[in-house]
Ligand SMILES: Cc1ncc(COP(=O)(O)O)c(C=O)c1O
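Below you'll find only one chain, the form predicted alone, shown as structure tokens.
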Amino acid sequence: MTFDLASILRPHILNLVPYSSARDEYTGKEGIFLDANENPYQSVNGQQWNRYPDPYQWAIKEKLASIKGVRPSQIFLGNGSDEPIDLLVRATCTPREDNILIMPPTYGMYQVSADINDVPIVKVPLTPDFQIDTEKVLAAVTPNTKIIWICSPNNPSGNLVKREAILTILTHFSGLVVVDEAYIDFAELPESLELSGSSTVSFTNELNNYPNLIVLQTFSKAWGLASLRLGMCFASEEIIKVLNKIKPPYNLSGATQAILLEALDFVETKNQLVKDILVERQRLAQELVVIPTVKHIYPSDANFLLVKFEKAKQLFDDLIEQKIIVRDRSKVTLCEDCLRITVGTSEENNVLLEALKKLSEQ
């Protein structure tokens, strides 16, 4: 299908004149800055945070682009992935008229953002093995469907969604297709991609082939920067320009940008952390499977395991009493009696396993 971004955007967004900040009008680094009404001396703590930061984070984007294999102009950085999620809904969906399509069980912020913006939601559940039923999804699309959200690896199930299903939707849907890859660093390259010569399982390598594709990633998981609230959005330059037009002028603080710019020098450290987590994920799954109250462990391409237990809710409460906090997903579609367990350190996983063994004997 032909994709026309202008037909997807709300008309007033298409014609919006964005706020012009002082750093839009002068982008130089040197000079006497008397344009932005800043404190000219220093910050109250004696540090130098008195100047507004780069509103478009170009130094970060240039370094990140080489890591991700994209162009700097294809990157949007947000206050967590939640910021681009909300901006995409606001840019495309007229309240009470247009809709988004989600596939439960999935990440909850897609629905929350739609609800906040008074946007209707079409739901097409995943199959029992947490894959996309492409026929049902495409049949559920209406003329007012602006965005289809796909979480891969999926939260809370942990599995990669089949690549062919995503490509089918990209080809046959004329709206935006958002592939949320928050956990992509923990997914191993499938054999089919290895044979094709691909070096990444990420859909960022398809950006130039599908103008309606948007890929979300995060610094919260593999990079260990959850406290900074940093999300990545990769898309066509045309889409990125729209997000830049409607975002708050200085959406990432100078302190955040400084920390991230330094963190991008530690790619190998990030890769080692991922390897450590994957080793623990495998060990955790192997030791959980022999516990009598464990009924099923779902395959995971993420840094967590979805596990079906006997009496999951009671077990969740029992673990809370021991200050072991997991996530109760037992009321979520297709996740009856399931707890979601984040892979911890070796020591934390040992405490969890010991507690589960003792509780299973009661």
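Don't overthink the numbering: it's just position in the shown sequence, from 1. This one's a predicted model, so the numbers in the text were calculated from it and none came from an experiment.
Omitted here: the form predicted together with the ligand. The next part is about that form.
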Asp82: touches the ligand in the model of the complex, heavy atom cutoff 4.5 angstroms: yes
Taking the ligand as it sits in the model of the complex, is Gly175 in contact with it (heavy atom to heavy atom, 4.5 Å or less)? no
Is there a non-hydrogen atom of Phe186 within 4.5 angstroms of a non-hydrogen atom of the ligand in the model of the complex? no
Look up in the model of the complex whether Lys221 has a non-hydrogen atom within 4.5 angstroms of the ligand, and give yes or no. yes
Site test, Leu288, Phe309 and Leu353 vs the ligand in the model of the complex, non-hydrogen atom cutoff 4.5 Å: no
Of 280-288, 207-215, 140-148, 103-111, the segment with heavy atoms within 4.5 Å of the ligand in the model of the complex is residues 103-111
If we test each of Asn155, Asn251, Asn99, Gln131 for a heavy atom within 4.5 Å of the ligand in the model of the complex, the one that passes is Asn155
Which one, Ala91, Leu230, Ile240, Ile166, lies within 4.5 Å of the ligand in the model of the complex by heavy atoms? Leu230
Across 158-180, the residues having a non-hydrogen atom within 4.5 Å of the ligand in the model of the complex turn out to be Asp180
